[in-house]
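First comes one chain, alone, set out as C-alpha cells in the form predicted alone.
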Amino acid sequence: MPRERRENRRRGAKTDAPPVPVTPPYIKRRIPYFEMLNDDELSIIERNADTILEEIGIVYGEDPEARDYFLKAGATVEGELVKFPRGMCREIIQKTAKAQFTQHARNPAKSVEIGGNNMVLVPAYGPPFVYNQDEGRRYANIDDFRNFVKLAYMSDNLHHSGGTVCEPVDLPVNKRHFDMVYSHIKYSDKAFMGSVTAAERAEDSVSMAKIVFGDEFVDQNCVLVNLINANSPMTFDATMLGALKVYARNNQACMVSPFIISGAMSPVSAAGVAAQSLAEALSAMALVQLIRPGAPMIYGNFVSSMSMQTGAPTFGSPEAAQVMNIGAALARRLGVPFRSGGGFTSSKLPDAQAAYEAANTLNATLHAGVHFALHTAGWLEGGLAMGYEKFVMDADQAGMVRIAAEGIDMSENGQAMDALREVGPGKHFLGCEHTQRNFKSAFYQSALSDNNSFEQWTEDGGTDMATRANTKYKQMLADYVPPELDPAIDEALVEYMDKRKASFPDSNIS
C-alpha cells in the first residue's frame, strides 16, 4: 500500500474515493498508559535507587574527568567509585532536563518529537550477522547496512533510520563508522543515530552532521541520538563515557541505557532490576546535565530475563515487560523521555516463536508508554542477527501499533450515526455513503497477511508469511529511489571521510 500510494502520487493518478491519509512522521499517542505499580510502589523503587547511589555507588572507570564533575557537584569519590547524596542526581536532572525535544531530520517533514505523548519506532541496532531465506545466516557487510537503511526509509511505519542497523564486518573496525553515518545521510532523509564506540568516532559523527545541518544549527538543535550503555552492574566504562561527553558538549541526545540480563547483571526480581537500572541511569543523566545543562537525553533500559537452565537471554517474557512498564512510569515521574521495547525474539528464524515474542514486546512497549522504541524491526537470535524477512514483518506490526496508539475516533464521522440512519435494520453497510467515504482508511491493511480463502491462497502459491516477506523486501529494494541530497553536501561528506580515513591505519581491533 505505501509503495502504491507513492506511485499514484508520482503519476498524478486520480480515484473517485478519498485519498488515504498520509502516515505521520511519528506516532501521536491518544490512549492512556497502563501502569503496573501505584505511586507508593514507584516511590519505593525511587528510594531504593537513591540507596544504591548513596551506599553502594557507581564505578566510573578510567575517567577522572567524569568523577571530577561529580565531586564538584557534591558527590563522594573513592578511587573509581562515586557515591551520591540522596536526591542529588534527581535534583540535577530535573533542574535543566527536557521532557520533550525535536530530533531534526535532513528532511524537515520527517523530524521526530521524542517525549510527551509521542512514539518513535526505530530499527534494530548492533547485529553482526544477517539472515534471509535464500542465504541463511552470514556475517553482515556494508551492502546489508545500506539495504536496511533503504528499507527503513521506505517503510511508512518506521520513523527513524536507526544507528548500527547491522555491523558491516567487511570494513575496518576503526573506520566503518564513517560509512555507516554516511549511509544514513545518503540513502535516507529520516533522523539517525551517531557512533559511540570511541570518543573520536562520536566526534566524526558530529562533524558529519555539521556538514549536513551547519555548525550553528547542530549546536542549538538535536540532530543525533546516541546509545550510551551502562556496563551493568553499576559501572560505566571509558568508551561509553567518552562518547557521552562528546555528544553532551555538542548538545546532542544521549540515550543512557543500562544493559541488563536479569539474573546475571542484576537481581532476578522486577523491583530489584528497576531500582538498579534507575540508579545507573540517574548518575549518567546527571553527568550529561553537568556537562551541558539542558542537553537533550533519554532514559533507556534494555532488560531481558534469562534461562536459568542455560544462562541464555530470553525475550518476549512477562518479567521483561514488567520492568519496561516500571521504567516508563519512573521516566514520567522524573520528567524525561523513555527508551525501551521493540520486536525482540530469541528465535533464529522469522517463525512463530519470533512472531509471538516480538508481538508480546511490541504490545508491552505500546501500553507502557515508550517514547523511543529502538529494536522495533529486524531483531533475530537475541540481537545477533538482523533478519530481512523479520524486518518487513516487524514494520508491518509497527503499523498496527500506530493504529492502536491513536485510539478511538469519537468525532461525528467516528460515531457513524449517519450510516446507521441511512441503512437501518436488516440491510448491509457495504454501499452506504459512510462506508464509501471511509473504506480506504477504516481498517489497517497489512502488506503481508493473507486473508483470502484457502482455495485462493492455494492458487496463489500457498506461501507462509516469511516467504511473502522475502518477496516483499526484495521488491522494496528493487523499487527504491534515493532521496535528494545536495551534491555539494555529498561531496563535502566524501571529502571529509576520505581525509579522515587516510589519516590513520586500518584496524580490526575495536
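All residue numbers are counted from 1 along the displayed sequence. Owing to the predicted nature of the structure, the values given are computational and were not obtained by experimental measurement. Here, rigid core means the biggest group of C-alpha atoms that superpose within 1.5 Å across both forms.
Heads up, the form predicted together with another copy of the chain isn't pictured, but that's what we're talking about next.
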Is V59 near another copy of the chain? Define near as a heavy atom within 4.5 Å, in the model of the complex. yes
Please run the contact check for E65 against another copy of the chain in the model of the complex: heavy atoms, 4.5 angstroms, yes or no? no
Would N48 show up as a contact with another copy of the chain in the model of the complex if we use heavy atoms at 4.5 Å? yes
At the 4.5 Å heavy atom threshold, is K28 in contact with another copy of the chain in the model of the complex? no
Looking at 108-116, 213-221, 398-406, 160-168, which one sits within 4.5 Å of another copy of the chain in the model of the complex if you count heavy atoms only? 398-406
Those residues of 304-340 with a non-hydrogen atom no more than 4.5 Å from another copy of the chain in the model of the complex are S305, M306, S307, M308, Q309, T310, A312, P313, T314, G316, S317, P318, E319, Q322, I326
Superposing on the rigid core, do we see a C-alpha displacement of 2 Å or more at C432 between the shown form and the other one? yes
